[in-house]
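Below you'll find only one chain, the form predicted on its own, shown as structure tokens.
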């Protein structure tokens, strides 16, 4: 499951107790344990036996493995200090997961922390113990920095490969069918949505790659196993972001013991954000979902005006749904002493496509700019026969926006959606570069400037809205049918 009103209420009440009652020395451990349990509690139930327990466990131990792989290798004494300190965290981890599996023996109505009945606890313990020992041994292995960087690149490729498998329908169906065969189920009924719905993997993958790349470039701070796991699976932002940075997150964790538990402003602001997010998501977005763009609604549209209403409804539903979840995550984070980054800043009121992407899913935009656009364009600038600056920017924008599109799902429609926005960003960049002097003079004319800005908002909004057609619909035939109906043909 994702956030629902019951879970939001539990997290909110827990945040009040955490802020007002919990001793300072328990705060970091509380966030760690709460995040660990939430990985299982938020995971949707799956039809393949035990898969809704196995996938959260894989999430946790992949994060542990990444932490081991990113340990500093230049100071053995420091590494051994970290290793001994984190052995306790590893032990707690194994005991908690095994303890969750032991709820298998409770009555079904008491099994509230897992999506379905957990697997046998003894089997889980026997599986986790050698994995933990192997990870610890890898942590003590001697390896020089060049080999570590190569190993980190290999891990990044594995994460990307898993991501591609899960996001490509044919691969995901094949994996689902294979898993069904291994568990004695009918492979012909394979369905990734019901068999492989891996909670938060898209966001976890981005955080893991961020950590791996920062170790490769020497920017990763020293992080304990407990803090690393809390960052990777922090429960308010696990399902829908925002994508935080570990160095910023670690600052908040370090400040937790000194946090004023009875700070009324933080509690009021956090609670207000939660209420606003609930209203956005469960009132506005869910109401708009009734008549927003979908295959079924598109088939029922009888004129162009009706189709535009469906498209506008989809655009605002998407915004209120996503920004609502973000408000809830930020509000809950504030109650627990963590200030998650903002993710939206009135994106539909921006007067250019560049400004839109600086205000829509801000943490994702920052991530791809930092880890894709900037490294790619810097690499091309170092070529002996480097392309023109316009070509470099164009290639960088295409690569960046295509990756954002395919991150949502590897399909032709998401690819075109990425290219659509890359084209808009490139045209705006070329226009801005070539009209800068004219625009500086134009800014002196306040009346005309206001009209120009409103025209920019109108054009940008409709450019984005037209792009949502590719985002919302699963195949090209449906997309072209809807585009025709928007133009008044095809009814």
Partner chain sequence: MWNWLINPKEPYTWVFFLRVVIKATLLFLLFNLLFAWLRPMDFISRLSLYNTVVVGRERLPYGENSAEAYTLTTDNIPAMFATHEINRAKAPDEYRVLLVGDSATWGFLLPAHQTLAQQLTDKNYLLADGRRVVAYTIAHPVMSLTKDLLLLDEAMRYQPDMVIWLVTLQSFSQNRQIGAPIIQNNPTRVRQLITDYELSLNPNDERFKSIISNMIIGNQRNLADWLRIQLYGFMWGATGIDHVVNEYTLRRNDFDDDVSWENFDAPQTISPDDLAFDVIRAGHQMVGGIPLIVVNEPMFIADGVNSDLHYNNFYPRWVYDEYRGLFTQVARTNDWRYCDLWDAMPRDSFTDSPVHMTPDATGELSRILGEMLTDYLDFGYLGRECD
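Positions refer to the first chain, counted from 1. All of these numbers come straight from a predicted model, not from anything done at the bench.
Omitted from view is the form predicted together with the partner chain, to which the following refers.
K.L.:
Has each of 280, 291 and 346 got a heavy atom lying within 4.5 angstroms of the partner chain in the predicted complex?
P.N.:
Judged in the predicted complex, 280, 291 and 346 all sit within 4.5 Å of the partner chain.
K.L.:
Heavy atoms within 4.5 Å of the partner chain in the predicted complex: which stretch in 272-280, 234-242, 401-409, 103-111 meets that?
P.N.:
This holds for exactly one stretch, 272-280.
K.L.:
Is there a heavy atom of residue 16 no more than 4.5 Å from a heavy atom of the partner chain in the predicted complex?
P.N.:
Taking the distances in the predicted complex, the answer for residue 16 is yes, it comes within 4.5 Å of the partner chain.
K.L.:
Would residue 72 sit within 4.5 Å of the partner chain in the predicted complex, counting heavy atoms only?
P.N.:
No, residue 72 sits far enough from the partner chain in the predicted complex that none of its heavy atoms falls within 4.5 Å.
K.L.:
Under a 4.5 Å heavy atom criterion, is residue 258 part of the interface with the partner chain in the predicted complex?
P.N.:
Although the partner chain is absent here, residue 258 would stay clear of it in the predicted complex, with no heavy atoms inside 4.5 Å.
K.L.:
Consider residue 310 of the chain shown here, and say whether it contacts the partner chain in the predicted complex, taking contact as heavy atoms within 4.5 Å.
P.N.:
Residue 310 belongs to the contact set for the partner chain.
K.L.:
Using a 4.5 Å cut on heavy atoms, which of 303, 254, 153, 183 is close to the partner chain in the predicted complex?
P.N.:
Going through each option in turn, the one that passes is 303.
K.L.:
Sort through 169, 222, 120, 342 and report the residue having a heavy atom within 4.5 Å of the partner chain in the predicted complex.
P.N.:
Result of the distance check: 342.
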